[in-house]
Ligand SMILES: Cc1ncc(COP(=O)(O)O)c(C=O)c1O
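So this first bit is one chain, no partners, the form predicted alone, shown in structure tokens.
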């Protein structure tokens, strides 16, 4: 019992914290400086899953306790460096350094937005930021919303809201159907299945050469669904698609949705942030006519995951989409009460991730988002021009965003096989992290430029490295 008391005293000790905190801040500062100043910092030192597991099993089984800084050095050395200029992989934010500090505050405070008293500041900050975003997206006065843990949760929440607000009786839920681009993020299909919507009722609309939904097919597809006894209640637009970064024609979808009084939801997890850019916000023209939208703070808005805004336009939404009954949390079960977040989400103990976004906006204003979007989208276009200039490379499509899909074209070898080898060799080299996708059945390298410090010289070196690998394999 005495040992436990001593450990508790040590663990909650101010002196212990003051000893550890500066070491971690110094470690992060040095890593940040190296990532931004080195010509080519290491992006990833890839261990196999078996090697990683063995390393951590051995560490965990050690009888000796360790210092925090020593343990964190191990974690950092065995993890990918998202702040490296060579990180051009998935759509994961290169977080602003200040969010390391807001993360520390979040962890210490441990507030959540379940009910007002557990997260008084967080609930209010959510409303302030949501109101700001709703106005920017052109939503009507009185728009509502909140923050959820990720785009998948956001899309699920929006679809549940659409169903509840449709007025369709529960006995007909088995007939419900949604319409969505065949290029939509898998979370939309997964959300529909979680809701009990049959696979046949997840109606996927083909895309055109620009990988945007073929809006001219919406009416015919809808009428076919109706003739089969399906009840279409929601149409989902993409802004933008994950695989190639394509934007759907939101105006055309809005026209169709209004004609048939269908809920129109926009998955703007990645591309919704273009609302801050005068140069690129035309890509989401028509979003102001949607019934709901999501945008991830942890992608183009530079916060840690998971933090996603879901916003409802004024009009069709009915409150209490989840109809929670929890007398121990609130007495009034039916009122809207924005300050009690758990009334409106699947989550209960939801952390105040809004702190990251609120702090960024108060420190830097909207301009930082505009600059980030413009820099990353511009760099995507620049990289596409560099690929086009290479005689042995091709684009999957002209990029609309910071996502660029391309591949090397060998003279006398299978293109899919060569590009798979290139992907693996780049991973083993460690200076770049590049991923892959399949576009119309063909294997492509896929780059998502998320670091504003990934410059032209860095991308030129990537092309050189790809050609060097290909030359050895052809």
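Since this is a predicted model, take the numbers as computed values, not measurements. Positions refer to the first chain, counted from 1.
The form predicted in complex with the ligand is left out here; the points below concern that form.
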Contact assignment for the ligand in the model of the complex, among 158, 284, 178, 269, heavy atom within 4.5 Å: 269
Listed residue (195, 231, 94, 306) with a non-hydrogen atom within 4.5 angstroms of the ligand in the model of the complex: 306
Interface stretch in the model of the complex with the ligand - options 217 to 225, 236 to 244, 360 to 368, 158 to 166, non-hydrogen atom within 4.5 Å: 236 to 244
In the model of the complex, residue 382 touching the ligand (heavy atom, 4.5 Å): no
4.5 Å heavy atom contact, residue 187 and the ligand in the model of the complex: yes
Close approach of residue 86 to the ligand in the model of the complex, 4.5 Å, heavy atom: no
Exercise: residue 296 in contact with the ligand in the model of the complex, heavy atom 4.5 Å: yes
Sequence-ordered list of residues in 106 to 137 near the ligand in the model of the complex, where near means a heavy atom within 4.5 Å: none
